[in-house]
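Here you get one chain, nothing else, as structure tokens; it is the form predicted alone.
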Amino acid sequence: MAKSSGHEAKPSQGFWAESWRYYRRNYRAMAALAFVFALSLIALSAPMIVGTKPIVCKYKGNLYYPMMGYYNNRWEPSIFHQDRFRKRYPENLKKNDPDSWAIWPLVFQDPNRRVHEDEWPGQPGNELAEKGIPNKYNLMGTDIDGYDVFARLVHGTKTALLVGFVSMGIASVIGITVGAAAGFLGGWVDVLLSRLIEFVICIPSLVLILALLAIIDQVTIWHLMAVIGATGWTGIARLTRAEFLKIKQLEYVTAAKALGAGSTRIMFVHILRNSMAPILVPITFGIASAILTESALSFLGFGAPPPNPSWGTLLSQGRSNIQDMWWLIVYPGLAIFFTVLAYNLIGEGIQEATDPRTREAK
């Protein structure tokens, strides 16, 4: 048998694999992706980084995880409420059970209250207002009420990322559904949905959000995410509509119709799958916009109430004390700036990696 003298052709990569290869060449986008990944780890492990509740402890012969109370108040073991710990674990653990032991967070500070003197052996109490300058116990100082700024920034990471992902998840569902229906069905459906999109665009989003929040008695973080998502879908809808208008004219869609594929299958299997690349770009930019919107609402006093720590709330406190408490402006401002910048760089990287014209230019 004669041997082949030519080189074997390498199998071609898929679109997403090739896009990822181009994305990895963008060092700024990769650094931004690593930054967001680090923020996600901080948000998930915030009670292990800073807090006054043990990560795990042995008390009266049983193992407990008091740190879960930072995720949800109902997850904190009830035995500590029954024994009247009053959130002061170090002294009460040994007083009630000399054989108890605990593993503590890296930094003993609480995002939702002021730490008092000798609550941790040898640690002074948090200073109030302008006296709470950064020191070895309060790495980024304290706010007006003596709450540790570093603790509130770390635990506020969860609020910022949750608002970005959940609100844009809601906006993506609404925008993709409306845009897909308008672009695929056309006719009077397209006219009505396009007018709806234009109507929502004409209303300033912040004004619409404030109007919607005004009719809610007790605003929670979930209300905030739902309102931001319900007002941030228009850009996604317009781009989805444009992609559907373009792709539904291609030959493979006509072939799918000839083979008897239903409208739903054509919309969400054949067309949507091939239009996701450009749609991901406004979704990524929208996450950054949602974080900015939440911070702006908290800055104005319309954000989620305590005990949800928010970067915008810290900025609001620093606004009236900017000369005496500079740390309330610098650290939260840097956190918001770098987070928004990271998402914008990720969106720019996705746009460059998924656009063939940009690839050819480079």
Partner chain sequence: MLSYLIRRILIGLLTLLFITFFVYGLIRNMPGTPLTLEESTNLARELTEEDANRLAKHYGLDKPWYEGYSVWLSRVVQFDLGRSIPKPYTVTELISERLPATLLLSGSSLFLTYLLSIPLGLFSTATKDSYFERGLGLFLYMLYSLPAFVAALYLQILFHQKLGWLPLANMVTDISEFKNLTLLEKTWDVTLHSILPVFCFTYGSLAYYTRFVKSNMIEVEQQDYIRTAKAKGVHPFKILVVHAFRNTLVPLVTLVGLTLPALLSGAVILEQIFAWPGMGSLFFESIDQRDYDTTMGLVLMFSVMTLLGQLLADVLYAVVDPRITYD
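This one's a predicted model, so the numbers in the text were calculated from it and none came from an experiment. Numbering follows the first chain given and starts at 1.
Heads up, the form predicted in complex with the partner chain isn't pictured, but that's what we're talking about next.
Open item on the list: Let me test this: is every residue among Ile215, Phe337 and Val340 within 4.5 Å of the partner chain in the predicted complex, going by heavy atom positions?
Closed with: Looking in the predicted complex, the three residues Ile215, Phe337 and Val340 all sit within 4.5 Å of the partner chain (heavy atoms).
TODO: Mind telling me which stretch in 326-334, 66-74, 34-42, 47-55 gets its heavy atoms within 4.5 Å of the partner chain in the predicted complex?
DONE: Of the stretches listed, the one contacting the partner is 326-334.
- [ ] Report the residue, out of Ala230, Ala211, Val173, Ala242, that has at least one non-hydrogen atom within 4.5 angstroms of the partner chain in the predicted complex.
- [x] Exactly one residue meets the criterion: Ala211.
Task: Listed residue (Lys136, Arg273, Arg84, Arg195) with a non-hydrogen atom within 4.5 angstroms of the partner chain in the predicted complex - done: The residue from Lys136, Arg273, Arg84, Arg195 that makes the contact is Arg195.
Task: Contact flag, Leu315 vs the partner chain in the predicted complex, heavy atom cut 4.5 Å - done: Flag for Leu315 set to yes.
Open item on the list: in the predicted complex, is there a heavy atom of the partner chain that lies within 4.5 Å of any heavy atom of Val207, even though the partner is absent here?
Closed with: Because a heavy atom of Val207 falls inside 4.5 Å of the partner chain in the predicted complex, the answer is yes.
Task: Partner contact for Ser310 in the predicted complex: the partner chain, 4.5 angstroms, heavy atom - done: Ser310 lies outside the contact set for the partner chain.
Task: Close approach of Leu300 to the partner chain in the predicted complex, 4.5 Å, heavy atom - done: Yes, Leu300 sits close enough to the partner chain in the predicted complex that at least one of its heavy atoms falls within 4.5 Å.
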